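The data below hold one chain only, encoded as structure tokens and taken in the form predicted on its own.
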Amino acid sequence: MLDMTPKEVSERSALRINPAKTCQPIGAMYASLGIHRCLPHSHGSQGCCSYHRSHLTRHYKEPVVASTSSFTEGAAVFGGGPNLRQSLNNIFQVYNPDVVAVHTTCLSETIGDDIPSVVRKAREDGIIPDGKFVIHANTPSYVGSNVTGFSNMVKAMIDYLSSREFGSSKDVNVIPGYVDPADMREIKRMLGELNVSGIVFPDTSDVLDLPMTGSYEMFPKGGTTIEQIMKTGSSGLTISLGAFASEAGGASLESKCGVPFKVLDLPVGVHATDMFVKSILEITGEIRPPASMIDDRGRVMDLMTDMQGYLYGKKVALYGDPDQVIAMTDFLVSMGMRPVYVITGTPGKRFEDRVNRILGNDSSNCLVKASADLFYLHQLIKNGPVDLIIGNTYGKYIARAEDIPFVRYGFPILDRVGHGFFPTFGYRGAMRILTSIINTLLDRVDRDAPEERFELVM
């Protein structure tokens, strides 16, 4: 399908082909689903909302519920304020959520709708019932990416809901970043294992990984409650996992409520997980993590050591959302693998700086680029082949065209299952990623082995 991709690389300043990202509202909608009894609301056309819902549904294989202002030509000319007002009236009368999280789209941003004023007037007129909340984030698709939208909605949660009047200074806030429900669940499990009282927000576990019960619940049991988000303003520390998705939330909470924050890479792989565990131990005053966690770490190290012959020196092309790519780059380097192309579709020079710091002396042998696309990545691979590609589903076309082993990682994964149920975070997540990489490489060894080298035991 990509046979016509040319090897010659040309500079493109205003054109993206197969972008390595998606748009802001998808990230904002996903973050909103991490609030208990929240209905995400897309302030724009029905088509925008349908696309965002379907993209999330295809990744998580779960129904994603959201409402829309349903813009028509009239709204595009005269503004969408009346549509939002009518939408809020219908939402609270029919669905009765505890909170509506409004995110904008390209059209409403271009019009310049004043969301706070519309919401304020709706509350004054009794359209928004007492005890209910409406929050909003500006998320135009022509700026940033899905990660930016997630970050903006997390900041909106804090700006609207966090307070100093509730909670305890013994609590630790964790903003988990744009990751799957299984990773949010793993963070909560690790906090419990470390004996820490934590507030993880947003939290899509038990929202987009629900068991089949035979009955439909519009508002699942999961998600961070409004009360918990309010309490974040009194916590002793906020840990923001992933600078692109979570730092703005930590900074906003510090500015509003005085809660200090620390930015860490996503705890993917041994080193990044060590840094997360160390940060928690500094809070608790403990010297060592529990024995069960040390054992998990030891298993990862054992697997890396056992299979080093298949990992060392392998050249890797890596792409996706910046926080996930940064963490994966660190993990690959720690295993002795060689990232040679590392790209993200999200703009930001700090991505390139962070990846180059991880690579250290090897940075000169790796091309690192933000605001790039998969067409560009394919051209790079044509000029310098790699042993492995790691990224979301859209890389399968490059992998097939160039006959390169492919490991799916990140968002979205549309053609496989399990990513919503099994974590990539922590030592247990590292084992999952590591086995996926090793088994993919071993599959290729088996496929290409001559008859006399087709071994039963690797």
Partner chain sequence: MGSTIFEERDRQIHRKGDEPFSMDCDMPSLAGAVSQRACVFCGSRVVLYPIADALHLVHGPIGCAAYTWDIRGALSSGPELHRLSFSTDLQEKDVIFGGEKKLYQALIELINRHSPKGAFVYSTCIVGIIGDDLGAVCRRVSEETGIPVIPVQSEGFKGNKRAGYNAACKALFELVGTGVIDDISPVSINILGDFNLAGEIWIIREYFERMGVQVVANITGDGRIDDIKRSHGASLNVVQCSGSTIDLAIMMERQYGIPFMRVSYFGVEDMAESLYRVANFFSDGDTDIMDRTRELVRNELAQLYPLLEKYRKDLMGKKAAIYVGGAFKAFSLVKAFRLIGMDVALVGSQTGTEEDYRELYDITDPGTIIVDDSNPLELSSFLQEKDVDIFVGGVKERPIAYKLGVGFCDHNHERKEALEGFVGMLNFAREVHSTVMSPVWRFSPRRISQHSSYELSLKAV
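Numbering follows the first chain given and starts at 1. Only a predicted model underlies this, so the values are computations on that prediction, with no experimental measurement involved.
Although not depicted, the form predicted together with the partner chain is the subject of the following passage.
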Handout entry: Exercise: G360 in contact with the partner chain in the predicted bound form, heavy atom 4.5 Å
Key = no
Problem - Interface membership of T68, the partner chain in the predicted bound form, 4.5 Å heavy atom rule - result: yes
Handout entry: the partner chain contact at I226 in the predicted bound form, heavy atom, 4.5 Å
Key = no
Practice task
Report whether the minimum heavy atom distance between L2 and the partner chain in the predicted bound form is within 4.5 Å.
Solution key: yes
Exercise for the section: Report the residue, out of Q86, S168, T284, T305, that has at least one non-hydrogen atom within 4.5 angstroms of the partner chain in the predicted bound form. Expected result: Q86
Exercise for the section: Could you work out which of V263, C257, L237, I91 is the residue within 4.5 angstroms of the partner chain in the predicted bound form, going by heavy atoms? Expected result: I91
Practice task
Assess the spot marked by H41, S45 and Y142: is the partner chain within 4.5 Å of a heavy atom from every one of these residues in the predicted bound form?
Solution key: yes
Problem - One stretch from 128-136, 168-176, 105-113, 330-338 that, in the predicted bound form, holds residues within 4.5 Å of the partner chain by heavy atom - result: 105-113
Exercise for the section: Enumerate the residues of 385-413 that have a non-hydrogen atom within 4.5 Å of the partner chain in the predicted bound form, in sequence order, or give none. Expected result: Y394, Y397
